[in-house]
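Heads up, the chain below is alone and in the form predicted on its own; it's given as structure tokens.
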């Protein structure tokens, strides 16, 4: 019986090993292979998603850097335009001041010339009046007796008093 049990054990062991190997083969072919393929496919899709996320992150960084560069360029351009505007403003103000000075100088020169002309006219008129007064005094002095110096002085004074200085 021991022999029978021993033969049965060997036979059982053989059949168990055969069934185990068959089960392993079947599991490998129909269960593990599709499962491993699905796991590998999932791993590839995760890697692809991570790569795409990394690309997107790099693109976002590049866009951000590009945006910052554009902003800096825009600021520099704005500063340049403001500087040019200030320069133009100062030039316009200086030009207006110079024109105003020139106009003021012209007006002053014209006024000085007019004043000088009026002064010359007044002096000429005064000379003419003095000459006329001198002739009138001379006529009156000649018309009187010119014997004595006191009488001549009195005659001149009275003639001066008679003349109206308008």
Partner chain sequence: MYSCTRILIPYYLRKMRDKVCYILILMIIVLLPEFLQASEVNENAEASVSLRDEIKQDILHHLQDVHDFHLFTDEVSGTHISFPLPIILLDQGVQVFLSSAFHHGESAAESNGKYYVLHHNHIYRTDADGKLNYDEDHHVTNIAPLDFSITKNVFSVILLSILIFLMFKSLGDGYKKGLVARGMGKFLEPLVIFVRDDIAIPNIGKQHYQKYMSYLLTVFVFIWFINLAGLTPLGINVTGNIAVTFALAIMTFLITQITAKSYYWKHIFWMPGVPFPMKIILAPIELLGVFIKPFALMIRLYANISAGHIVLMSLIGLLFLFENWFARGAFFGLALALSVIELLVAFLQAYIFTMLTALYFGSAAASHDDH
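Keep in mind the model is a prediction, meaning the values are calculated, not measured. Residue numbers count along the first chain shown, from 1.
The form predicted in complex with the partner chain is left out here; the points below concern that form.
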Fill in: Among the candidates 41, 65, 132, 48, the residue which, in the predicted complex, approaches the partner chain to within 4.5 Å (heavy atoms)
41
Discussion item. Residue-level question: is residue 117 within 4.5 Å of the partner chain in the predicted complex, judged on heavy atoms?
Written reply: no
Item to complete: Classify residue 98 as contacting or not contacting the partner chain in the predicted complex by the rule of any non-hydrogen atom within 4.5 angstroms, answering yes or no.
Response: no
Worksheet entry | Heavy atom of residue 153 within 4.5 Å of the partner chain in the predicted complex | no
Discussion item. Within 4.5 Å, heavy atoms only: does residue 26 come near the partner chain in the predicted complex?
Written reply: yes
Worksheet item: Just one stretch in 29-37, 124-132, 107-115, 65-73 has heavy atoms within 4.5 Å of the partner chain in the predicted complex, so which one is it?
Response: 29-37
